[in-house]
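Read the single chain below, which is given as C-alpha cells and is the form predicted on its own.
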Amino acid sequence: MMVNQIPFKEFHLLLNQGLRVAIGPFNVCIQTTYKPLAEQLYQLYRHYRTAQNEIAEFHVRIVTERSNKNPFEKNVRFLLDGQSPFESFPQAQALAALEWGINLAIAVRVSHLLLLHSAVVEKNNHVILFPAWPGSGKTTLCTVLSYRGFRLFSDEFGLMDPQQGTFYPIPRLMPLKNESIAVIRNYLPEITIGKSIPNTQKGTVAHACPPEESIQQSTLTAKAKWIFFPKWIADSTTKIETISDSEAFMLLASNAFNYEVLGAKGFQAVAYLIRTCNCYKLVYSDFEDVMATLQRLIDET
C-alpha cells in the first residue's frame, strides 16, 4: 500500500502510533504528534511503501518540548530508540531534524555494509558514485541526474555489500541547501520540493522528493562502474580528469563512514571498487554540459 492512498486523517493517526515506511533496504518507524510535521511528511513521503506489519530497523520520534531559552516557545527533539543524539531544534526545523536524525541512525547503526559518503545514481544497470564532502554540489547534481534519465540510489549514502560488491538503493529526500534551492526550482519546476527551512545549522534547507520510479525500484541492486569525485565551480567548463588508483583509493576511503570499523573488509571493498571502476575528478557548473559529458563517457565505456 502506498502512502498517497491513505487519507491525511488516517495518515496522521498512523504517525501517532508509529508509521512504518520502507526506504530502500530498511524500514523506518516514524512517530510524532506534531501536526505541522505530519502535513510535510504527507506531502513528501506519499510515494513510499508503508510497512506496518514488518520489522523496523529504526524507531524514530519527533517530540515537542518547552524551550530552555524562552518558556513561552516550544522546540522539537529527535529521538532514536528513545534517546536524543542532538540538542533540540526550533519547531519550524522539525523535518530537517527528522531527516538528519535518520541519516545519523543509518551512519552509526549499519555495520554490515560499507557506507560511503556519496551521491549514487544508476544508468544502464551500472552504479555511478559521486563521493564528496559537503559543499561540493553532489546533492544538487544528484537531483538533476535523477530527474533526467538516471535512477536515484541516494544523494548521501553509497550502501555497498562488501561480500557481493553490489549497491543497495536508499532513495531518501534530497536536502537542497541555500542557492541550490532556487536553482533546482527553476531548472526542475516539475518536481515536488518542501518549503524552505531557514536558519538551520546548514543554512536554508528544502527537501526534494525522489522520482517515484526510483522509489518503486528501490529493491533493484547494481554494481558500480564509474566513480567521479565532483566539484562545482561557478562558470567553469566541464572537466573530467583520470586519476591514479592510489589517489582514488585514498579519496574513496576518506569518504566512508565506517571504513575503519570494517577493518580488512573495508579495505577489500574499497580496493575492489578501485579495481573494477573507472575513476575521475569532475569539475562542472552547467547541468546540460555535465549531463552530456557523462553520457558520452558512459556510452564510450
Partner chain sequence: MTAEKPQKTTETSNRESTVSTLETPQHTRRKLLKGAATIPVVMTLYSGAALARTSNITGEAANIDTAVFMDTSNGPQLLCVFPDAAQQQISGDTYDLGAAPQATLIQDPKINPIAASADKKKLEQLDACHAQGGIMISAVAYSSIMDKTGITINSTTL
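Positions refer to the first chain, counted from 1. On a predicted model such as this, the values are computed, not experimentally measured, just so you know.
What comes next is about the form predicted together with its partner chain, which is not displayed.
**Study point:** Candidate stretches 188-196, 210-218, 145-153, 160-168, one within 4.5 Å of its partner chain in the predicted bound form by heavy atom
**Key:** Checking each option against the 4.5 Å cut-off leaves 160-168.
Practice item. With heavy atoms only and a cut-off of 4.5 Å, decide whether Ala38 touches its partner chain in the predicted bound form. Key: The answer is no: Ala38 has no heavy atom within 4.5 Å of its partner chain.
Review point. Heavy atoms within 4.5 Å of its partner chain in the predicted bound form: does Phe72 have any?
Key: Contact with its partner chain, no.
Review point. Does at least one non-hydrogen atom of Lys265 fall within 4.5 angstroms of its partner chain in the predicted bound form?
Key: Flag for Lys265 set to yes.
Review point. Applying a 4.5 Å heavy atom distance criterion, does Asp235 contact its partner chain in the predicted bound form?
Key: Asp235: no contact with its partner chain in the predicted bound form.
Review point. Judged by heavy atom distances of 4.5 Å or less, which residues of 203-220 approach its partner chain in the predicted bound form?
Key: Residues within 4.5 Å: none in this stretch.
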